[in-house]
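Just the one chain here, laid out as structure tokens, in the form predicted alone.
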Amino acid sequence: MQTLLVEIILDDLTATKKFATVFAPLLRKGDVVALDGALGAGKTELCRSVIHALDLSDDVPSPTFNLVQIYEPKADDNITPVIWHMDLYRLESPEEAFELGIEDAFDQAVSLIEWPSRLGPYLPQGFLTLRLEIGHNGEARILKILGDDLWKNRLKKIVEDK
């Protein structure tokens, strides 16, 4: 069961990138990160910041039209995970995700999933939710991190620093 682990105010894009530099190195093969929030809340930008923080690519387009972008480490360092960045907004049924090979991502990569509700019952147990809300000034974002006790332990530094 997920509980609110921490709430962080991201004042601007610089703050989002700073969060990503702390968060990204904590990711491991098999992690599923569900990015939740309204259109324009910053889900893609947060994913882009995580991918940049891991130095996987300079070019990180939104996967809105092709649904999946895969980013592999530039060198085989056995530390940096492969990232599958998915935008499932256009799925008409949860079963369509299997046509994308999503189960391979769950086993062999870190899955960053925008619009995770489109997976319905197929979202695996133990996922982490990063919920973004637009702040009152329109530029800031409120990041709510929800997860289980295992995530709470892994994100201890982030939770304690807040």
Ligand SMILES: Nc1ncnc2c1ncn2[C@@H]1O[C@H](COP(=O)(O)OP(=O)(O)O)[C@@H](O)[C@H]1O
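Position 1 is the first residue in the sequence shown; the rest follow in order. Model, not experiment: these values are computed from the prediction.
The next section is about a form of this same protein that is not shown, the form predicted in complex with the named molecule.
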With the partner omitted here, the residue among L128, A41, L27, L56 that in the predicted complex has a heavy atom within 4.5 Å of the named molecule is A41
Spell it out for me: taking the named molecule in the predicted complex, does every residue among V32, E96 and S111 have a heavy atom no farther than 4.5 Å from it?
-> no
Per contact check vs the named molecule in the predicted complex (non-hydrogen atom within 4.5 angstroms), the hit among 43-51, 102-110, 65-73, 118-126 is 43-51
Could you confirm whether D11 comes within 4.5 Å of the named molecule in the predicted complex, counting heavy atoms only?
-> yes
Is D149 a contact residue for the named molecule in the predicted complex, using a 4.5 Å heavy atom cut-off?
-> no
